[in-house]
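Take a look at this single chain in structure tokens; it is the form predicted alone.
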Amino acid sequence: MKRYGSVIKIKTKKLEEYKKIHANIWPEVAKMITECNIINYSIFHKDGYLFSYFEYIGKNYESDMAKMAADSTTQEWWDVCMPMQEPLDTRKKGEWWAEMEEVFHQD
């Protein structure tokens, strides 16, 4: 299992809408997340930033992420969510959410 953390800004006037749609995530999107070997997935908010945390339990992360990205329902979900978000200028090329470095963990 590998832990992933990432961060993105949420547009100020879009926070409540973002919370509302995530309170009722589309079942097909939730199913795809599970099928792509992601567990314990959470999104937190603080001062205009969203922090995402999940655990990956698969064997080929790149393949699973490609599967998710190819899913038409997931693409529709992203089309709803992405206009509410503002990526960090410091993210790596190809990232939307900026991947964070894990500096501590305790089980």
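Keep in mind that what you see is a predicted model, and the values were worked out from it rather than measured. All residue numbers refer to positions in the sequence shown, first residue = 1.
The same protein also has a form predicted in complex with another copy of the chain, omitted here; what follows describes it.
Engineer: Is there any non-hydrogen atom of T12 lying within 4.5 Å of another copy of the chain in the predicted complex?
Structural biologist: Contact with another copy of the chain, no.
Engineer: Determine whether any heavy atom of K46 comes within 4.5 Å of a heavy atom of another copy of the chain in the predicted complex, and answer yes or no.
Structural biologist: Yes, K46 lies within 4.5 Å of another copy of the chain in the predicted complex.
Engineer: Does another copy of the chain get within 4.5 angstroms of any non-hydrogen atom of S42 in the predicted complex?
Structural biologist: Although another copy of the chain is absent here, S42 would touch it in the predicted complex, with heavy atoms inside 4.5 Å.
Engineer: Is L88 near another copy of the chain? Define near as a heavy atom within 4.5 Å, in the predicted complex.
Structural biologist: Judged by the heavy-atom cut-off of 4.5 Å, L88 is in contact with another copy of the chain in the predicted complex.
Engineer: Counting heavy atoms only and using a 4.5 Å cut-off, do G5, K19 and I33 all touch another copy of the chain in the predicted complex?
Structural biologist: Yes, the whole trio is in contact, each within 4.5 Å by some heavy atom.
Engineer: In sequence order, which positions of 92-107 have a non-hydrogen atom within 4.5 Å of another copy of the chain in the predicted complex?
Structural biologist: Sequence-ordered list: A98, E99, M100, E101, E102, V103, F104, H105, Q106, D107.
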